[in-house]
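Taking the form predicted on its own, here's one chain by itself in structure tokens.
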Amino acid sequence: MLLQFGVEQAYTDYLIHLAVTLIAMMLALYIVFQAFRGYRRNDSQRILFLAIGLALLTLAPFALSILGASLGNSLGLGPRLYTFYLPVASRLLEICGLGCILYSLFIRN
């Protein structure tokens, strides 16, 4: 009985994590879409790099989180995936996103 409760709790925790992540991704996607619309309307490279930076800063780590959790569970990958590889990959995406945003602040049209 205790084992079954633990499995059910882990499944519930996973679904809650997935739902919260998907909500955050939808909000981020809306913001990135608005920035991309601004790029298309004004034909401004600054806004394009802002949109790319926002996508890398917000959407990419969430997608990586979902992908890592799905693959990690289905392939039976060890805890090092969750404690090292996914956090490092997420931070690298965030650094690239921040670099794009910083570049968008200094680029001249």
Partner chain sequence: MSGTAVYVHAVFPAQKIEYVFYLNRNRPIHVSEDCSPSELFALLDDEYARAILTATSTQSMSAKSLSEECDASLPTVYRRADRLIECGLLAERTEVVEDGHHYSVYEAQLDRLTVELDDGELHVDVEETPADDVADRFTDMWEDI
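Positions refer to the first chain, counted from 1. As the structure is a prediction and not an experimental result, all values here were calculated from the model.
Keep in mind the form predicted in complex with its partner chain is missing from the figure; the text below concerns it.
### Query
Is its partner chain close enough to Arg41, Leu50 and Ile101 in the predicted bound form that each of the three has a heavy atom within 4.5 Å of it?
Every residue of the spot touches its partner chain in the predicted bound form.
### Query
Taking its partner chain in the predicted bound form as the reference, which of Leu29, Ala35, Ala63, Ala69 has a non-hydrogen atom within 4.5 Å?
Comparing distances to its partner chain in the predicted bound form, the residue within 4.5 Å is Ala35.
### Task
Give a yes/no on whether Val7 approaches its partner chain to within 4.5 Å in the predicted bound form, heavy atoms considered.
Taking the distances in the predicted bound form, the answer for Val7 is no, it never comes within 4.5 Å of its partner chain.
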